[in-house]
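Okay, so here's just one chain, in structure tokens, the form predicted alone.
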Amino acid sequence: MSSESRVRAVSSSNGAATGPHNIFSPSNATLAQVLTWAEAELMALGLTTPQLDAEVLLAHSLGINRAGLYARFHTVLSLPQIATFQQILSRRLQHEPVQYITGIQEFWSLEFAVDSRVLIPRPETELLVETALRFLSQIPNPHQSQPPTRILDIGTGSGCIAIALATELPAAEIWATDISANALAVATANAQQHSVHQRIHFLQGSLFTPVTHQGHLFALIVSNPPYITRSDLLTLQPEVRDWEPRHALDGGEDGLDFYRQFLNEAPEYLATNGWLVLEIGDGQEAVLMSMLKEHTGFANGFCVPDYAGVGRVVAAQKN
């Protein structure tokens, strides 16, 4: 089911508001007053970061940054400014993610355009990029007469992983695949924005299918695959469950469907001593490490914990 067709508003069955439920009187309202009202609205809905959300959304509606808000606390907002902000706030009150409303998410100190066609990049995924760079730093930049270092990013989504690697590795050539044409449109635009589109080949298809006939072997294959168990999908926060693309979340009955396919198919596409680097979900470290040990196609498997001590990235070298 496409993200565009999923529920866009919180149903009345969970009692959530579909818009500002306390109509704010805009007469001579200062920015500080509007901000206080918006924070109260978001807090009443039970959102976890009401102050931050109110500040980001008000700054977005006014076309300024958050620092600019503090310099304008006593500025009286016009009726059109308040009306615009109320429309934006109503979207957040329907649990639409702030990143989809502003259209921007930062990753690897880069700004990425995001909307409901793609998964919102998470800070945890930066560890995947760090791990990949650690391996590739051991490969010297090739001479012009040699082929570039080839990298494959599967399920690229917004393109954040591929683009981050491309900005750090000017000698690399990257293939990035996704089953969604809509996601690839977002990724392509982001690559153009960061001037790395000439070194990234975006291809549509599932897993390795788009590169089956390319004839290339890759020094590195990376992916942040879907890893949520199907039974857990309904327990996710509304911002994730009702807005982010389901195909980027659903990892099958046990959350491991894509990992099985990666382990079975990746060795065929890895160069000698090439690395497979994958993000994993909470609590999946033990089973993934067991799968790696049992698989004859890989050696030197290990898991990298995130800053909270949770196993977040698994890596293995082609045997």
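Remember, predicted model here, so these are calculated numbers, not experimental data. Each residue number is its position in the shown sequence, starting from 1.
One more form of this protein exists, namely the form predicted together with a small molecule; it is left out here, but the text below deals with it.
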task: Consider the chain as shown here, without its partner, and state which of 174, 119, 89, 132 has a heavy atom within 4.5 Å of the small molecule in the predicted bound form.
output: 119
query: Using a 4.5 Å cut on heavy atoms, which of 155, 210, 97, 238 is close to the small molecule in the predicted bound form?
result: 155
query: Do all of 148, 163 and 196 end up near the small molecule in the predicted bound form, with near meaning a heavy atom within 4.5 Å?
result: no
query: Can you pick the stretch from 76 to 84, 164 to 172, 220 to 228, 198 to 206 whose heavy atoms fall within 4.5 Å of the small molecule in the predicted bound form?
result: 220 to 228
Contact label in the predicted bound form: residue 248 to the small molecule, heavy atom within 4.5 Å: yes
query: Should residue 180 be classed as touching the small molecule in the predicted bound form when contacts are defined as heavy atoms within 4.5 Å?
result: no
message: Please determine whether residue 105 contacts the small molecule in the predicted bound form, using a 4.5 Å cut-off between heavy atoms.
response: no
